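A lone chain, given as structure tokens: the form predicted on its own.
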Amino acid sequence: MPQVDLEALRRQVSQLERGSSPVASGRFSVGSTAIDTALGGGLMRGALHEIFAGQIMHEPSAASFAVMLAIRAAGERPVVWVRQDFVGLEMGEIYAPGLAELGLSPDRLILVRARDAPSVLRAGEEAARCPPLGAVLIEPWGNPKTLDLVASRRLALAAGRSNVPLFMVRAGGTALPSAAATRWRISASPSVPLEGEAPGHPAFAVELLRDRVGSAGRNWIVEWDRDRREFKDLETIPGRMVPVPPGRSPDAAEAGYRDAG
């Protein structure tokens, strides 16, 4: 999991662009039948997608959900994750073994450290222009002034031209006017225990807040199958909670982060 700055990212992007990796087109399935159906076959590749947490305690789950979408989109191609330094201070640093547990090999991740939100947006746009990449994640903190409608349009245009999906995790932020194709709100959900009360797969409460080409206002409970690298629908019984195995935190994203404290 190499950590690079903006100049190093530009060099790596230039090297990738000289390769012959094909550009995938259209949409990609997330695995969940219910979500794929609501989206008309899956998420658009050449687009910007925004991901929020339901509450501050669910920020790691929102980031993990974005990572899992990137895994689905990227296949075996590299993933770039541009992260503002302050996010690491507030939410904890990325933990390579945890990413591997989610199904993302650290060898396929290029982690870019950025000191502020403008640097995050510049690096994200730079990476999104590179067709051989599988996906790009960007993680600015809060509601920076530079993250306006014009900036989001630049990101969306870069993703559209390269056909590389761009996922923006809005850590500590609130919804603003945006050119994002979809907007999601993610919370951790109790996992379903496996045989012998073994810890279950990471589970999420997913709400589609916005879909520019379809219907929004939909809710689902899904779990992540790391072996198949796909989301699966969870059936819930009204009025009942899915039990949490002993010693299992309901935070589905704990594997991917190291405690910042």
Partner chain sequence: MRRRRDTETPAEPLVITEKVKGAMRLAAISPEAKRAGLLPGLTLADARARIPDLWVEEMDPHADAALLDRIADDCDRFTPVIVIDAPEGLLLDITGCDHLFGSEAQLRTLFNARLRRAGIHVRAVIASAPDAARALARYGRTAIVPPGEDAAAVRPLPIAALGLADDARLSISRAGLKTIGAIADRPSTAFAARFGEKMTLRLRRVLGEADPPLDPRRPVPMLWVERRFPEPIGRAEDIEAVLGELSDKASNRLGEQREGGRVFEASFFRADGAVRRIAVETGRPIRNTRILLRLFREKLDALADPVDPGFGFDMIRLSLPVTEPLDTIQPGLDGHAIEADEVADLADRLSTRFGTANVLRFLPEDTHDPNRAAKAVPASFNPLTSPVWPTPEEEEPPLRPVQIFDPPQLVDASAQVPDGPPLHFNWRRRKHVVVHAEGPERIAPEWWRAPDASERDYYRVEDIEGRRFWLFRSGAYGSKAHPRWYVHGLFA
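Residue numbers count along the first chain shown, from 1. Fair warning: this is a prediction, and the values are worked out from it, not measured in the lab. So that the term is clear: the rigid core is the largest set of C-alpha atoms that superpose within 1.5 Å between two forms.
This next part talks about the form predicted in complex with its partner chain, which is not shown.
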The unique member of N219, T37, Q55, S215 whose heavy atoms fall within 4.5 Å of its partner chain in the predicted complex: Q55
In the predicted complex, the one of P144, P106, G160, G172 near its partner chain [non-hydrogen atom within 4.5 angstroms]: P106
Per-stretch contact check against its partner chain in the predicted complex, the hit in 147 to 155, 173 to 181, 160 to 168, 108 to 116 (non-hydrogen atom, 4.5 angstroms): 108 to 116
Partner proximity in the predicted complex: I138 to its partner chain, non-hydrogen atom cutoff 4.5 Å: no
Close approach of R83 to its partner chain in the predicted complex, 4.5 Å, heavy atom: yes
Distance check, L48 to its partner chain in the predicted complex, heavy atom within 4.5 Å: no
Its partner chain contact at F204 in the predicted complex, heavy atom, 4.5 Å: yes
Those residues of 174 to 203 which, in the predicted complex, come within 4.5 Å of its partner chain by heavy atom: A188, S189, P190, S191, P193, L194, G196, E197, A198, P199, G200, H201, P202, A203
Core-superposed comparison between this form and the one not shown, E195 Cα displacement 2 Å or beyond: yes
